[in-house]
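Coming up is one lone chain in C-alpha cells, specifically the form predicted on its own.
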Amino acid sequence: MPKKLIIDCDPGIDDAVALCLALFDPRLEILAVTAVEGNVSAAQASVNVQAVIDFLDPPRSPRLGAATPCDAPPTADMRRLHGDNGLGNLDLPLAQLHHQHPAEKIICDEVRAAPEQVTILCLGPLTNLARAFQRDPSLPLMLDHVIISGGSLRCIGNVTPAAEFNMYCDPQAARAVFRSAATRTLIPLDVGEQVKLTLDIIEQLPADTTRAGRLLRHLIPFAFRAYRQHMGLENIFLQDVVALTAALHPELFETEEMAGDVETVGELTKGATIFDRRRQPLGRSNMAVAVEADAVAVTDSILRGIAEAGRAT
C-alpha cells in the first residue's frame, strides 16, 4: 500500500526536484502539497507549488495549501542560490491560481481523514506544522510520522555560522514542533551534505522532450552554476531530495535517538539546533536524528527517481 504523504515545502530548487520525484513514485500517495514561506515569500511559494505541479501534470493531483506570511518574515536572501523566483528564474506557465485553503487547514483535514496513516515531509521552515498543531492540539498524536529536513547536528549552519536555513527562518515554530508529541525524524544539514551530486548527473537527466526533463534540465544546471559562483563548489547538495529519500528508504540512514531543541533568541545562535549528547543527558530523547547516510545508495535512489519521473512524463 502506498505511503500517504503530505509535502510541506518552500520551492526552492531542491524542493522542486523533490516534488518532481515524489509525484511520480508509485510507492507514495501524495495527499497534499502545502506551501510555506522560506526560500521565497509566501505568495511566491504558493505560486511555485501550483506552477510545478501544473507543469508536471501528475496522474493524481494533490490538494494544494497556500502559504501565509510568517509572524517574523525570514531575513535571509536565498536568491543567489535559487534565483529571483526560487525556480532558477524559470518562467513556468500558470493558470489562474486555484482557490486554496491555508496550508495548516489542509494539513489538519488530511491527517484527520486518515488518522495514524499520514507522514508529513517538511522541506521548509516548520511554520505550517506548528500552526496546524496550534489549530488542532490532538494532531501530533494522529500523525504517523514527521520527517524534517533541517537543522545541524554539529551546530555548523548554512545561513549563519550556527544555524541551518529552515530552523533560522522560524525558530519558534521549530521549537514548537520539536517539543510536540509527534513522532519525528530529523535529516540535518550534515547528513544532506554527505550526498554530493557531481556534474555527471546532468548526463543522466531525462530528455527535454519530457516534462520532468524540461524542468530538471533547467533547475539542476542553474544549481551547479550558483554553487560554483557563490560557494566555489563543483558539486551540489539537494538536501530536500535526501530527506525524501529518507522517507522512502529509511534503511539507508543511521539514526540516533536524541534530545533536541532550537535556540530562538540568541544574537549569534538564533535557529541553532542543540542536541544533548552528554553521557547522562538531562532531558529525554524526543526525536530520531540521522547521523550517517549511505551516500552511494542514496545517490542511486535519487537517479532512479529522476529516471522514473522522466518515463512517467
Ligand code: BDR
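Throughout, we count residues from 1 along the sequence that is shown. If you're wondering where the values come from, they're calculated on a predicted model, not measured in any experiment.
There is another form of the same protein, the form predicted in complex with beta-D-ribofuranose; it is not shown, and what comes next is about it.
Checking 215 to 223, 130 to 138, 157 to 165, 110 to 118 against beta-D-ribofuranose in the model of the complex, the stretch whose residues place heavy atoms within 4.5 Å of it is 157 to 165. Checking 87, 186, 143, 123 for any heavy atom within 4.5 Å of beta-D-ribofuranose in the model of the complex turns up a single hit: 123. In the model of the complex, none of the heavy atoms of residue 152 sits within 4.5 Å of a heavy atom of beta-D-ribofuranose. Taking the partner from the other structure, beta-D-ribofuranose in the model of the complex has no heavy atom within 4.5 Å of any heavy atom of residue 205. beta-D-ribofuranose in the model of the complex comes within 4.5 Å of a heavy atom belonging to residue 39.
With a 4.5 Å cutoff on heavy atoms, residue 201 does not count as touching beta-D-ribofuranose in the model of the complex; it lies far away. Annotation for 62 to 89: interface residues with beta-D-ribofuranose in the model of the complex are 78, 82 [heavy atom within 4.5 Å].
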